[in-house]
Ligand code: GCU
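Okay, so here's just one chain, in structure tokens, the form predicted alone.
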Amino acid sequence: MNPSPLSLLQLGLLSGITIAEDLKLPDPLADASGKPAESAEAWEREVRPLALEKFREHVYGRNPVGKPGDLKWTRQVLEVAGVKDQVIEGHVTFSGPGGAGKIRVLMVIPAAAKGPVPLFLLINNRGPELADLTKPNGFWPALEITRRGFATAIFQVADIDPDKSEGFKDGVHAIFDTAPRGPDAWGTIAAWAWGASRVIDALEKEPTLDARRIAVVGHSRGGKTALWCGAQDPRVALVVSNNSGCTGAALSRRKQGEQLADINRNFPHWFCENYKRYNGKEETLPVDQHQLVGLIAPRLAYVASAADDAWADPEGEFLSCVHAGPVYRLHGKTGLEAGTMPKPGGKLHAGSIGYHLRPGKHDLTLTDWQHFMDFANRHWR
């Protein structure tokens, strides 16, 4: 069945909201028969499982394992020069048929914390030096985050699966892929998302953390990971995608900036083999990324773009938020507060979907983090 275009009526748009173009997007409310769900209960029962299944089959791939039965969390308190906050180094360990795995997690908890505090968990797709608390940086400004009253933690994606095309011979693929890989087997992005959920398995047991207010943050390929993690894991109360672009927040059907053929050629290990069928044929995909944002509903979602980051298609990232709106409205929530893209420096924080457009290039900066924390404070206060 060809995807039906979303009409302005279906979107339920308010006057003054603009849509850039008619992209013939799949209806995020449609069930298997193509009929839009009329209640949140019907959407959760009929539409959500169907959408997840389509993303697994055609885009991210299927995980062969959930939470390992022998998963353990061990931790120790560290003393870091010049840091008054509590610093904890922990390890998430697990095993499977192909061996054992370990994810190192560094967590910082505000010294002044009284009772459980919310947490920002960063999926770090850059170097481990960014987790050095003695060398402050904007990518993970840990002490600025704790100053605002949040705990924060970071882990390296390489601890889960190396970011390279090597035939899925190492990382968690080597540990858990016992059967021959099919065309819908999980890729590296799905493996990283699986790892983020395993970190949450561990951290939700920490008494100083509020397990009901966990935010997962990712930049670029980490943003793609955060969205897929949050779409699947209902424990993530806030999903933050920063400059995630193609197969992150940006609409594939726009074919702007990085496109499917680019990403599958340059990073053939990120997604399942089926995804390559749609190179140059994005309009034939049974899903698009507004549905991924919609899968987070009714929880909080945040998409951040950079004005000079044309490769990530900022307008396409924004339009995903707009077109995810019907799912939030079905759940009695406001998605974006407006449908007109803000100018560089502008933000939209009132709805359950947040957005900002930062001046500058492809990066994760302190300015972005300040927006994320402002949004969290507004909705979690």
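Note that this is a predicted model, so its numbers are computed, not measured. All residue numbers refer to positions in the sequence shown, first residue = 1.
Just so you know, the form predicted in complex with this ligand exists too; it's not on screen, but the next bit is about it.
- When this ligand is considered in the model of the complex, residue 224 lines it closely, a heavy atom lying within 4.5 Å.
- Interface residue remark: residue 258 is counted as part of the site for this ligand in the model of the complex, having a heavy atom within 4.5 Å.
- Remark: residue 270 counts among the residues lining this ligand in the model of the complex, judged by a heavy atom distance of 4.5 Å or less.
- Taking the partner from elsewhere, residue 152 is found to have every heavy atom lying beyond 4.5 Å of this ligand in the model of the complex.
- This chain lacks the partner; the member of 175, 263, 200, 237 within 4.5 angstroms of this ligand in the model of the complex by a non-hydrogen atom is 263.
- Only one of 146, 252, 125, 232 comes within 4.5 Å of this ligand in the model of the complex through a heavy atom, and that residue is 125.
- In plain terms, the part of the chain that comes close to this ligand in the model of the complex, with a heavy atom within 4.5 Å, is 216-224 out of 82-90, 111-119, 292-300, 216-224.
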